[in-house]
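Take a look at this one chain, the form predicted alone, written out in structure tokens.
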């Protein structure tokens, strides 16, 4: 598998390129609108054809490039059945997405939002904002549910092999990748804590709202495309 990890400094968002080297078909996970031209240029340089954009959830901290990339390339947009209605393919837990010879397994990992998904392929899992490196996503808006997030992490993600590489949707400390085994042992929000303790911890965070919340959520429910004012 051809793989690239890209970064948006404004929102600290990771975007991922996954491609089948045999067919040159590619997918992007969680592209950011302001970085759309960068992603298109990289795909052209690597002689890849974008066939899918996969969203892990309706984001609150940036606007997705999904709609713009679909307009430019004709790719298909993939999202949760509880997510943006404008997606071409709505998926649920256990579904598979084929990108050339690659098969991405869809994992439903709600809790940060009710539509949160992770994607598992060839020893890597892309966890969006569900599981971060030594952290987790927040659960205080967009139908978030701390108990549900604990279940998603401990029963779905932590059920993967320990050596599975974890690529999150964000990082704010300069980390790029972790493993399932590391997070089981060292993630301070879940390691050694039961469900009730996790719920209590999340209730005490008192985080400020994302700066782009009012703009990003409605835009992302429209795949990043809103009519001009």
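Residue numbers count along the first chain shown, from 1. The structure displayed is predicted, hence computed values, not measured ones.
There is another form of this protein, the form predicted in complex with a further copy of the same chain, and it is not shown here; the text below is about that form.
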**Partner-proximal stretch of 193-201, 41-49, 25-33, 61-69 relative to a further copy of the same chain in the predicted complex, 4.5 angstroms, heavy atom** = 41-49
**Fill in**
The one option of 120, 90, 76, 134 with any heavy atom within 4.5 Å of a further copy of the same chain in the predicted complex is 134
**Message:** Quick check on residue 185: any heavy atom within 4.5 Å of a further copy of the same chain in the predicted complex?
**Reply:** yes
**Prompt:** Taking the shortest heavy atom distance, is residue 6 within 4.5 Å of a further copy of the same chain in the predicted complex?
**Reply:** yes
**Any residue of 173-200 that, in the predicted complex, places a heavy atom within 4.5 Å of a further copy of the same chain** = 173, 174, 175, 176, 177, 178, 179, 182, 185, 186
